[in-house]
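One chain follows as structure tokens, the form predicted alone.
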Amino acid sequence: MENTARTPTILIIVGITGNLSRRKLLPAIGEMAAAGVLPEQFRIVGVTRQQTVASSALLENVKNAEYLRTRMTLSPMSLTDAAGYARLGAYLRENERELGGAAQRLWYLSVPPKTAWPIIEHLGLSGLAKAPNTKLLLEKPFGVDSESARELVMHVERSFAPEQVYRIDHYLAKETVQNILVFRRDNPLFEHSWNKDAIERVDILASETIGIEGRIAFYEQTGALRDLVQSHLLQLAALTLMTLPEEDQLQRVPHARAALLRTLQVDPDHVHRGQYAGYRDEVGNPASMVETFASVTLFSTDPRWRGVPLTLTTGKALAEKKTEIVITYRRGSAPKTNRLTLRIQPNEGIELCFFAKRPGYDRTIERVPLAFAYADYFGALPDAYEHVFLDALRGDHTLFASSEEVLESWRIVDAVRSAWETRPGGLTLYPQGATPERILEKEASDILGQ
């Protein structure tokens, strides 16, 4: 792994004036600076199409803003102008001379996918992609279906080698998600029973109480399936079910996730979609069939998991905001079952529900929790983007999605969409504040009533 402290580094944020940069990227760098984990020789070059913007305007409410201000410069340029890339290359070389030699260059494309396409091409044509120790950080979405994802992979790899590319799914960088590997590996009690013989089903849920919050154009083109299932939930599924690499082979985690995704097959009888009441008025499209709720059941061909249903559910305008993984154990001869819950957010932690006798004269059995909360033991958790930057600096791909994972996840999503087209019932309309269980019950009753 690279020694980040001694490697001069230039972080080039393309689209530095955008919302993601202001809300997440620059604050994450400020936190890393305060923690002392950035390289000693570190600079930020912000690329923007805006001709008049001050760095101070970008650093409002950013911790350690003075550190960033003294190391950040802005470079206005057209993102489709070849001459602009030549000038930018010369400016980077000037920075390197000031830093004392060739620097690691991290290109962070904080721009929409359509804008990223020509930038990647220009980085290749200008030779900037081939500069020593150059890395490319890309935000999702990585395509809109299998075909577009494959085209994007090919387009990127015409300019960058696969090992240069870091595809960001910030869920993978959350502390609670990283802990899935540690929990599984370092607790033999669970790892030895992490298979179809002990586990009856796996449910992964990401629910939100808010609606689309004004993101009309984005959501009308995306929907819940593409927005969360294709990326975050399938990544959580892969981490939960994959075969763990050896302790000294953690760089193979992306390959292990991809191998698990290849085993997943869609159950066409359990693919559900819904839309919250009022969505069509909100987007101004009375005929919209875009789903704000999706629930999909998958099965793995991996012998360790054969026959165990894996259900991924996500939705907006639901009763609770939470992201969690629920492992339901087989009860065998027992009258009830145990459940293990890995809470990704909020109230991050782990809870195991088991049964105990209630004190008293009667033999009353009650479900009780055995719980661990991160806040009780560790305090505040680092933001996911801090891990994104740090691991990219180190050259660690563990928390980044490989091209194989991206293509496999789109294969699964395309199969779901195909099943939706042939499944009776269509789109279930649900009231805002509903639970996933109520939505699925409503769909079942609507189909039976037809």
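In case it trips you up, residue 1 is the first one in the sequence shown, and so on. Here the structure is a predicted model, which means the values were calculated and not measured.
Below: the form predicted together with a small molecule, not depicted.
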(message) If the cut-off is 4.5 angstroms on heavy atoms, which of these, R273, H232, R257, R105, is the one near the small molecule in the predicted complex?
(response) H232
(request) Identify which of T115, T243, N133, Q345 has a heavy atom within 4.5 Å of the small molecule in the predicted complex; exactly one of them does. (result) Q345
(message) Given the stretches 364 to 372, 300 to 308, 191 to 199, 204 to 212, which is the single one in contact with the small molecule in the predicted complex, using a heavy atom cutoff of 4.5 Å?
(response) 204 to 212
(request) Would you check whether the small molecule, in the predicted complex, lies within 4.5 angstroms of a non-hydrogen atom from each of R262, H397 and F400? (result) no
(message) If we define contact as a non-hydrogen atom of the residue within 4.5 angstroms of the partner, is R167 a contact of the small molecule in the predicted complex?
(response) no
(message) My question is simply whether R97 lines the interface with the small molecule in the predicted complex - judged by any non-hydrogen atom within 4.5 Å.
(response) no
(request) Report yes if any heavy atom of Y171 sits within 4.5 Å of a heavy atom of the small molecule in the predicted complex; otherwise report no. (result) yes
(request) Answer yes if any heavy atom of L228 is within 4.5 Å of a heavy atom of the small molecule in the predicted complex; otherwise answer no. (result) yes
